[in-house]
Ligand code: OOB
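A single chain, nothing else alongside it, follows as structure tokens in the form predicted alone.
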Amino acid sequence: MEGFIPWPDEFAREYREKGYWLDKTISEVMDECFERYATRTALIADDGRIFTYSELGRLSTRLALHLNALGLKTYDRLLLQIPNVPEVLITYLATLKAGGIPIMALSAYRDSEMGYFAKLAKARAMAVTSTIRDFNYQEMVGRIQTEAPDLNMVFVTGGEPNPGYHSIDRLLQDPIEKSVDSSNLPRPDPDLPGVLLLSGGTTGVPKLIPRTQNDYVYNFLCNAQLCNLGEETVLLIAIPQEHNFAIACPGFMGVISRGGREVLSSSPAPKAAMELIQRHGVTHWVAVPAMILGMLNHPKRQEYDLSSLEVILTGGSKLNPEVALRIRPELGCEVQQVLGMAEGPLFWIRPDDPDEIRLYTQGRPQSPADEFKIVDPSGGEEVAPGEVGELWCRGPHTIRGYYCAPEHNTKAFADDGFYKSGDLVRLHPSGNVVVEGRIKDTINRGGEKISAEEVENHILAHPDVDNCAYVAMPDPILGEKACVFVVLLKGKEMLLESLNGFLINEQKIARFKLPERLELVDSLPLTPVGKINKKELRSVIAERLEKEGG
């Protein structure tokens, strides 16, 4: 497949021989589960809908047949941008069954991001919700179609489709399987991409991450086993379902592979989570640190029965030990940390690790076949144990290159296939890693990685801006928020509200990327080599916040 970098033959052979790669498609593994646990509950939505395993299998097959009948062919890319409702999972499963490749996009993305993905991947189809609050996704798709000629199929849920678009809701009510043989659905090659995930966007717009059928199946099966999921597991997902963490780490596919059930929440708010934990006896909760802190600090937490909760699975950003120490005494459950990347590497704490490991490190590789090293980012030599360096990874579920990104791949991957994560870590005596920071120029806003370069390019498009620097500022809840230092052209003025209005209405970027503080300056500090000194700017804003708070 053009734009895809496969594993070298000798690595692929080893992964097969050792049983990591099963040569099964994601759909085949899911269908085995739908049959094995047919009468069990698989999915509970916060709108009250409940689906058994057999119902999910039947509906995903039905929609897959409709997708094929409407023109979706094997390896066609479908941009999936549906919020946390059951249709997001049914459409995901259906796209895979139809032989297509879903591109997992967040509902927060707008024209800028979605148009880029559509053109880069030459997407044939897009599946969206009709509207969320005041934003019309169908109108956005129409704008994107004018610049993405391959995008000729649009599927809509939660509202009446525009002319020429198709209603997912009506297709799910049409029993096409009674007249079309589902055994003729295509079977894609397990060694080719099955899913395209999105990177954290650390250098410009997010990259497309090609996860093959083989590597992604191993990814979620290994995750589910390592997290001790089983038939009694009730897993709450309140982060976007298109996230790697939510779909496969262990996520929906992990819990389904073990006969458990998922509770899908449309809200990440702590009140919504506590209500669902109490109502459905949730045992496992997938949450970023900001969500955990929100629950710990909720003034009415004691009013809810959270006794069913056994484990919080957390990643996306580092969980501070001070927060981790509160979880057992205040919530009555354990915490299992993961340092994970959609590119593949996953470093998990084990359920039976002692507290000094569980609370103060971020885990060790999940697979026996995973390789990693900690290197000096300036020279590529491994550092001594205990010293801080960049984490490099290679293994049966770590990609060998981004999709259609040859120039970036030369920077992000070593010649021998190791992925350069950009995370600064040190090796703990236990063999686990401890996260100490990162190299890449990003803001980690509650687990969402925002590329400073991308947002700066949008801000520089403002006619009154001469230069800018978008940097992280500390936040007690989200960990980091974004502050932008702006140098205006002579005689110009600007307010944060007007800048963000420009970014939303003219540049059409996702709202979570908007700067939350504006600092107008006459000039930006430079390093000795002439680059903007963002370290100094981060110190400046941190000191100002500290003074304002004191």
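Keep in mind that what you see is a predicted model, and the values were worked out from it rather than measured. Don't overthink the numbering: it's just position in the shown sequence, from 1.
Just so it is clear, the following notes concern the form predicted in complex with this ligand, a form of the same protein that is not shown.
Checked against this ligand in the model of the complex, the candidates E113, D76, E343, E87 yield a single residue with a heavy atom inside 4.5 Å, and that residue is E343. Of the residues Q362, S451, T233, S257, just one reaches this ligand in the model of the complex with a heavy atom at 4.5 Å or closer; this is Q362. Stretch 310-318 is the answer when you ask which of 274-282, 187-195, 163-171, 310-318 has residues with heavy atoms within 4.5 Å of this ligand in the model of the complex. Using a 4.5 Å cutoff between non-hydrogen atoms, N214 does not count as a contact of this ligand in the model of the complex. Of the heavy atoms in F245, some are within 4.5 Å of this ligand in the model of the complex. Heavy atoms of E390 never reach within 4.5 Å of this ligand in the model of the complex, leaving it off the interface. By the criterion of a heavy atom within 4.5 Å, R400 is excluded from the residues contacting this ligand in the model of the complex.
Contact annotation for 429-444: residues with any non-hydrogen atom within 4.5 angstroms of this ligand in the model of the complex are V435, K440, N444, listed in sequence order.
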